[in-house]
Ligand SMILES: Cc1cc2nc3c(=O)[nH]c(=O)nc-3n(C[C@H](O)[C@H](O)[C@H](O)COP(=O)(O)O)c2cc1C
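Let's start with one chain on its own, the form predicted alone, as C-alpha cells.
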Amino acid sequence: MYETITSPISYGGISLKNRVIFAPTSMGLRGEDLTARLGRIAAGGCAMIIIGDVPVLPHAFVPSLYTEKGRAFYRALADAVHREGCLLCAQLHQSDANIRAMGKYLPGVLTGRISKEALRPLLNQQVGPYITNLPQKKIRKITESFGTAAELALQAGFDMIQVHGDRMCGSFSSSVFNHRTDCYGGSAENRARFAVEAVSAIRRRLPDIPIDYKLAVRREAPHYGNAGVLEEELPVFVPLLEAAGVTSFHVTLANHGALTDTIPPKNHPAFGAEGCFLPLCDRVRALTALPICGVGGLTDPDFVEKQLRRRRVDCVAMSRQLIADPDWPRKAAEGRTGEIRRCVRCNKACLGGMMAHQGVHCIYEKEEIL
C-alpha cells in the first residue's frame, strides 16, 4: 500500500532503508534522556535521524566534537541508533548570536523585565550588525572549521553530514542581515560565499562523504523568515552549492522570525496545511536533479505516499509526528495506519516544552501515563 514510503533510496550516496527521516530538532534533553528518546524513535523504523545544531567550533555548553567526552556521547548515541538499523546525521552549524550583545539583556531576563518571548526578537536585531562586521579572518576560520568538525563527526560515529543553512550560513545568505560591502556581501553570489566555503571545506577533507544542505528559504508577500535564501535567489544559490559538493537538499522555511512560522500550528494562516513547506521544494526541484527532502506538517501516510510517488520529494522529514508516534514508519509499512497517533500540531508540549526549558514532549505522553 505504501511501496514508495517503504522503498530504499540512495540519498546523495548514502543508502536509506526507507524514505522517512527524523528532522533536526532541539529536544532540550541531555545525556541518557536524549539517547533513550532518539533510540526509541529509531526503533520505530525511520531510516535516519539528524542531530541538530552540532557546533563546528569548540563549545562549552553542549557536547563538543573537540573533546573526548563529547565524542563519547555522540558515539553512544550512534550505537543506540545503529542498533535499530537507523543511520545518524550530524547537522553542523555555527551560531550567529552576538554573545556580547546578549549580555546587555541578561539583567532584564534575570529580573523578569524581559520575557523569554520578547528576548528572541531582541537577539534577532543583533544578528545583522554581527554578521556585517565579522572580520574576514574569523569568517575563514569558521568556514574551514566545518571540514574539521565533519572529520570529527565521522570519528564519533555519524554516517552523514548536514550543513545547517540557517544560523550563520543563513544570515550571511540573507540581505536582511548581511549588509557587507566586501566579497561576502552585496550580490547573491557573494552572500552565498560563506555557505559555499563551508561545504567546500568538508568536501576537500572528505571527498566521498554525502553532504546534505538544509536550504532555508524565506518568502515575501507575505513576509516569512529573515535569514536564508529569498525564493527568487534560489537559481543562484542552488547551482553554487551543488558545485561546492552538496549531494542533497533538505528544504524548509527560513528562521529568525516567529517560531510558530517554522514550527507552524494547525491554525497558522499560511502554513496550516499538510506538507506546508512542500511548495518551497517545488522551486528547488526545478533547479536540480539531486535528492530533495521535504518537511512541514507531514502526518498522513496517504498524502506522503502521493508526494513521494510524484517525486515532488525523494524523502520526508518529520519531527513532531515522530515525537507523537515514533512507530509511524513501522505502522505504515505494516498497513496499520489506523493505529497511528496523528500529531494535531497543537505545539503545547513540544514547542511549549522547549520554550519552558522542560524538553520537547507530546500531549500523548500524558495519555500513556493515564
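When you see a residue number, it is the position in the sequence shown, counting from 1. Every value quoted in this text rests on a predicted model; they were computed, and no experiment measured them.
Omitted here: the form predicted in complex with this ligand. The next part is about that form.
The stretch in contact with this ligand in the model of the complex, judged by heavy atoms within 4.5 Å, is 262-270, chosen from 196-204, 231-239, 262-270, 133-141. When this ligand is considered in the model of the complex, Arg320 lines it closely, a heavy atom lying within 4.5 Å. Under a 4.5 angstroms non-hydrogen atom cutoff, this ligand in the model of the complex lacks Arg218 among its neighbouring residues. In the model of the complex, this ligand lies within 4.5 Å of some heavy atom of Val360. Remark: Gly12 does not count among the residues lining this ligand in the model of the complex, judged by a heavy atom distance of 4.5 Å or less. Contact annotation: of the candidates Gly147, Pro291, Gly245, Gly297, the single residue with a non-hydrogen atom within 4.5 angstroms of this ligand in the model of the complex is Gly297.
Three-residue candidate spot Pro24, Gly52 and Cys350; every residue lies within 4.5 angstroms of this ligand in the model of the complex by at least one non-hydrogen atom. Counting a residue when any of its non-hydrogen atoms is within 4.5 Å of this ligand in the model of the complex, the one hit in 150-187 is His164.
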